[in-house]
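Shown here is one chain on its own, the form predicted on its own, set out as structure tokens.
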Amino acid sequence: MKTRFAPSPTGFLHIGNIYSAYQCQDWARKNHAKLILRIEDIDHTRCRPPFSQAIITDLTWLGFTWDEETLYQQSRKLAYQQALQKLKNLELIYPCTCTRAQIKKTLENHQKTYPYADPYQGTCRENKHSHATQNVAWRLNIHKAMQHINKPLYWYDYLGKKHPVHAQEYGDVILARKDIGTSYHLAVVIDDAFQQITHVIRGQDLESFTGIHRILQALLDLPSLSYTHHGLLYAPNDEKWSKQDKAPSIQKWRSQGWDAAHIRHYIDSLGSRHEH
């Protein structure tokens, strides 16, 4: 068995990141599984090498250990391109030139509210005359994808419970952004298979993505995984802690004299208040 902790270097590690790292580490130790570190730095518009190094430094200082050499997603671009080409050959993806502003305007014109994380209305899917391949995003035609799979899909949690995949909830998600040539969805599925991950332990805020990851695994003939979505860490005022909410960084606590044991004890005390 093998799991991974996979932070994105868009800033310094904060308390929420470390809570997730501890969840991964505790599961690996309990189950005598391998634990690896992956730096998910595909988004060059937000990720910075100094933050990657800071992640390594902070994790080492905290006593977090991992097996195998750290993988950086920036080194894996060819693998993502190959997977994208496979989906192109199957005619399951199509180029999209729409901007966020155009998509927003389309929604306003329709005066409808859509539940999808990416509420795209298929403008470019329906454009039979578009042959653009440069400066485009690539979207999955979810209807054709499910026709290609031609069977119900499920993902399994750590208790073995089966969760059905409702493809209509996702719409035609982007698998390759215009600016970076891939997406979180595509990269994470490819790298989980490449690194032979068997169990994914991640926050509840990512649970909604699990169905689309299962769809991509089926389309690309990759193994399905077991998923655990742990609770999120909340501040004493019961607000979720995240980078956007200015969660305290490990570097800040270190500069204030905190030691690793003190940080772990504090995080455990917060986590115990929100067990599920």
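One-based numbering along the sequence shown. It should be emphasised that the depicted structure is a prediction, and the values quoted were computed from it without experimental measurement.
There is also a form predicted in complex with a small molecule; it is not shown, and the following applies to it.
J.: With the partner left out of view, is Y184 within 4.5 angstroms of the small molecule in the predicted complex by any non-hydrogen atom?
T.: Yes, Y184 is a contact residue.
J.: Residue-level question: is C96 within 4.5 Å of the small molecule in the predicted complex, judged on heavy atoms?
T.: Looking in the predicted complex, residue contacts with the small molecule do not include C96, since no heavy atom lies within 4.5 Å.
J.: Please check if L90 has a heavy atom lying within 4.5 Å of any heavy atom of the small molecule in the predicted complex.
T.: Because no heavy atom of L90 falls inside 4.5 Å of the small molecule in the predicted complex, the answer is no.
J.: Mark R202 yes when one of its heavy atoms lies within 4.5 Å of a heavy atom of the small molecule in the predicted complex, and no otherwise.
T.: It does: once the small molecule is placed as it appears in the predicted complex, R202 has a heavy atom within 4.5 Å of it.
J.: Which among 147-155, 160-168, 184-192, 81-89 is in contact with the small molecule in the predicted complex, heavy atoms within 4.5 angstroms?
T.: Contact criterion met by 184-192 only.
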